[in-house]
Each structure stands twice: as structure tokens, then as C-alpha cells.
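To begin, one chain is listed below as C-alpha cells, in the form predicted on its own.
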């Protein structure tokens, strides 16, 4: 499913114009992104939690050449599915 599919579903299910549905979806995604930028946790009950995790610096190996490389510390986005989402997926 793509962002445009979500916009289409929102537009059909709520009978609002596509332009407004797109603005709503963009606002939700922008809000989540801004919260993660500020290192805040975003919790959507029944769906899951978005947060930023810190990866420590470490030595790794280039899979193509086999050379050792140093990977610096970095932040990564992380999503943990909620209990209801896990149960739904496992009962399909």
C-alpha cells in the first residue's frame, strides 16, 4: 500500500475531496516526523509505537570486499507494533 492508496481510501470512506484527504495524510506523517526529529516517542494505541533508537559506533565488514570498516554512531527510526496489530496479523 502506498501513500496515494491511503489518500484514496480516506477520500472514499469519509466522502471528503481527494485534496483534503491528501492534506490530512501529509499532516499526520509530518507530525510523526517532527516528533521523531525532536526525539519524542509517537504512540498510536492499537497500532504501534514509533521512536528513534541510537546505534553505537562499531566495526563492520564490507560484504563486497571483505575489508573492515568503522561505522559511526547514528540514529535510526524504529517501529514496534502494538498488541492488537500483532494479534490481528497472527489471526489472518
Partner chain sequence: MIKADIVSKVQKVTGLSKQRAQEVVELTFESLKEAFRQDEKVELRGFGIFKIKERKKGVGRNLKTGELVPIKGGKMVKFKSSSRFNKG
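Since the model is a prediction, treat every value here as computed from it, not as a measurement. Numbering follows the first chain given and starts at 1.
The discussion below concerns the form predicted in complex with the partner chain, not included here.
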| item | value |
| --- | --- |
| Proximity of residue 56 to the partner chain in the predicted complex, heavy atoms at 4.5 Å | no |
| Proximity of residue 46 to the partner chain in the predicted complex, heavy atoms at 4.5 Å | yes |
| Partner contact for residue 68 in the predicted complex: the partner chain, 4.5 angstroms, heavy atom | no |
| Residue 41: touches the partner chain in the predicted complex, heavy atom cutoff 4.5 angstroms | yes |
| Contact set, 21-42 vs the partner chain in the predicted complex - heavy atom within 4.5 angstroms | 23, 24, 25, 27, 28, 29, 31, 32, 33, 34, 35, 36, 37, 40, 41, 42 |
